[in-house]
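Read the single chain below, which is given as structure tokens and is the form predicted on its own.
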């Protein structure tokens, strides 16, 4: 997701914009720019702008062009969609006195471009974004206010977008609008901010307004006014953010990703503490679930109502993208295995276009770290249109997806800066285990003793995770040993199949190597053709016993017979698997084997991290990736 920051106030605006954009660097981008208003000797104002491809620091070489007193500026870090990453396509964009920055995509850009070109408008970039500035300029030239010009122009475009607009003829005023792509307003004293995410303004204010879809805002240094897209004013209902600033710092770690890997025991503790009644050996789903929207009529949903909604569902649709989808696949298996409720997990990007059969008696469960994932948000709206109740598992409070759902189960992982998700994933898996077990208890498919066993195991999970991470030196050693392999094949069965997918994804994301995740049972159906000494096969089988473990070991024997190089993730006492492996990493035991996938993924995250470091790739900001995918 691109980064947006805007400011009106009394402090040096350019420095605040730069610092805010730096706080959003983790989200991924390929160019950056800042525009500021300069007051001339005759009292008028003119827009000065710097922008460049590459990282934010490239703007420092151009800083002299905006090194003047200014209290009104906007800035942007762009992730290329329409047009390559170059200076012309970098934001901000100008259309005469109008300057804009934009996140999202204008889907009907071609029609608008043709219309503007027919009127003699010339363009300075290949972007769809620039077009909006020309639409606003035309409305302004017809005599309309800036707010009205933005409102009317926004009604003409299609697609998920967020715009920040300033007019050099109206210094000290910024107008913003959004639909689908997130914007937050930071409310200060004698100053106000707009940004695409909270960290950009957290150093200056903790008083935040989350702009809703199809809302506009007019910001000056002294006030913020909110309007609907039909022009009616709305109340400014802000929330107080209690995030710690040091959560956005590396705290001595070389990379954010490594810091966040080692934060997982704490993240699991903070997440699970809200859902476990350790004294009674029971689950509670009303502790942190927040009721939303019409289905709950503003009430906080209780444990029985939440569990009953899931247990009486004709189908539970678990919908997510990327890493969150892998958590969803894990959750699907747990819900069906433990609660015996029909469940289907699938990718949000496929779900919304395959014309799914949805019934009001179905229930949706969407999973998202950011709460802004475009395809997942669209899936929520599709399910709601079908009359379904929809719940969310999300890490970012008050983001778009929770606001659309009936209730949200918040993971308390804290701010996740690294683009490759780590602590958000493990906390999502833990919460899905909670939901599955609570359903199973309600339906009587597990007895009280089994529920207590699960509660105790989840209660111990953070400590066992801490023990697992203490093996980081062993993981680093094998990662260095195998960092130059030409390919990586991750194999797992049952609950470890989603973990194989996630292990491969992590390696692809940050090390830029060929990696595939497969069910071990599918090895003979194609992937075995890839097996050779230069292909590392990673076997995920830490159960140490059971039918699926025996089947997995049998599959792995075939890798060995074909001279494949084998790295196993196994139980400490699994001498059979160790005997046929070239290297192994031990996964510590826990009370229930269904939680072993969470512990296994910790080592896979470390493996991907250390391979990436050894190969010299960019860990926290991988090429071509963004932290939140807010456009299709």
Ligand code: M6R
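What you see is a predicted model; the values in this text were computed from it and never measured. Positions refer to the first chain, counted from 1.
What comes next is about the form predicted in complex with the ligand, which does not appear here.
Spot the stretch among 449 to 457, 314 to 322, 475 to 483, 143 to 151 with residues whose non-hydrogen atoms come within 4.5 Å of the ligand in the model of the complex.
Of the options, only 314 to 322 has residues within 4.5 Å of the partner.
Would residue 164 count as a contact of the ligand in the model of the complex, using a 4.5 angstroms cut-off between non-hydrogen atoms?
Heavy-atom contact with the ligand at 4.5 Å: absent for residue 164.
Please run the contact check for residue 506 against the ligand in the model of the complex: heavy atoms, 4.5 angstroms, yes or no?
Residue 506 belongs to the contact set for the ligand.
Answer yes if any heavy atom of residue 419 is within 4.5 Å of a heavy atom of the ligand in the model of the complex; otherwise answer no.
Within the cut-off, so yes.
Residue 370, heavy atom within 4.5 angstroms of the ligand in the model of the complex:
Yes - in the model of the complex, heavy atoms of residue 370 and the ligand come within 4.5 Å of each other.
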